[in-house]
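So this one's two forms of a single chain, laid out as structure tokens and tagged structure 1 and structure 2.
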Structure 1
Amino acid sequence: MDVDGLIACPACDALHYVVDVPNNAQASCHRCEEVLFAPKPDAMTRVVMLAATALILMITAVFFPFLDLSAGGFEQRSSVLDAITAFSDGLLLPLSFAVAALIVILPALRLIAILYAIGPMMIGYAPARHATAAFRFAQVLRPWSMAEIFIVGVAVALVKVGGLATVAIGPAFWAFVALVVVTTLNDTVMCRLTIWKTLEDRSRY
């Protein structure tokens, strides 16, 4: 049996013949309705540009102060780095690493992996070496990139300290908000199956 013309739904294992899906259209699994294909025009350029934007925003978000707090004559400026090192005393040190990983390191690695896997295909033709491994890595990291949850966390924290001190929002906060918007856009533009097929087709040469 020729298996190259077939794909199986990752959610229910139903077999489908591969057909050409036009841009902006969607192909769903006939059994469980999972979306299989959702190609977008110029997807590759858009994905690379959005990932690069997100990476730059990430650098801004980490190093600039994101909240400015004043109470009783004291003033405290905090950057994301301060939030990460908040757990650094004793027993809670592992939590520092976990928070750093979830809101900065893993999202950044995921963006770099996407850039590495798709960037060369956007400019030239053949993907870089180990591009498939990089893209697989990006897919594994997705649930563990929690920048958007961190933003909601900031909002909740603001309400909690609201009664205690005056708070001003710094530039890094807006960088983080923009980062979340850009990442979400990136995920909607990126059709995984199309990218896997392109990676496979172009690495044959």
Structure 2
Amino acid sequence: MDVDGLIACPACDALHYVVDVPNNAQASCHRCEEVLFAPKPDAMTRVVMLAATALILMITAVFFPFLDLSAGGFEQRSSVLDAITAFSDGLLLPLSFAVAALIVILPALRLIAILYAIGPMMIGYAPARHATAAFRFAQVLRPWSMAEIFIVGVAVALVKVGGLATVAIGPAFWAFVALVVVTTLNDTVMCRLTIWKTLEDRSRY
């Protein structure tokens, strides 16, 4: 059996022969119906543009004001960077590292890895050196990029704080919301097996 022409379903591990799938069509697993290939025209361009947009939104979300709290004549404006450094003393230092890693560093590294792996192929060039490793790294980081969990946590906290203080939402909050939407769109547009196949085919040239 020629194993080079086989792929395993990521959901149930059923083996399939790799076939050419036309744009806007889908190839599904015969066992569990998991979508294996779903190529779309200009998909790489969309993935790169969405990843670049998400990276810009990430920078905006980290450094611009996130929330403005007012209570009893006192006003406190904070950013995501302030929230990370708030735990930087004493026993809470590991928490500071965890917050920075899960909501800023790992999502940013994943976006950079996607841009590095797919960017050159978007404009017709062969993949960059170690592009396969970069894309694999991006897939490993996907479950650990928790910007959307952070937004859910902030929304819950706002409901509880709203009765105690006046809360004004800053531009960084909306940047984070947009970041979650753009990242979700990026993951929806991206056909991972198609990218793997393209990386393999173009690496031969």
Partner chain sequence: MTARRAGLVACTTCCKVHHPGEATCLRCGSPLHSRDPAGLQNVWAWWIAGLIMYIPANIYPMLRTASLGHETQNTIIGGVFELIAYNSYGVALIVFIASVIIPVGKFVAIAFLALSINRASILSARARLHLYEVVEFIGRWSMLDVFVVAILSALVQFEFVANVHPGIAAVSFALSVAFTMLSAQSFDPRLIWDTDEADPT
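In this text, rigid core is short for the largest set of C-alphas that superpose within 1.5 Å between two forms. The structure presented is a predicted model; accordingly, all values stated were derived computationally and were not measured. Each residue is numbered by where it sits in the sequence of structure 1, with counting from 1.
Of structures 1 and 2, select the one representing the form predicted together with its partner chain.
Answer is structure 1, the other one does not fit.
Is the shift of N24 between structure 1 and structure 2 large enough to count as movement, that is, does its C-alpha move by 2 Å or more after the core is superposed?
N24: C-alpha displaced by 2 Å or more between structure 1 and structure 2.
Comparing between structure 1 and structure 2 on the rigid core: C-alpha of D13 shifted by 2 Å or more?
Yes; that C-alpha moves by at least 2 Å between structure 1 and structure 2.
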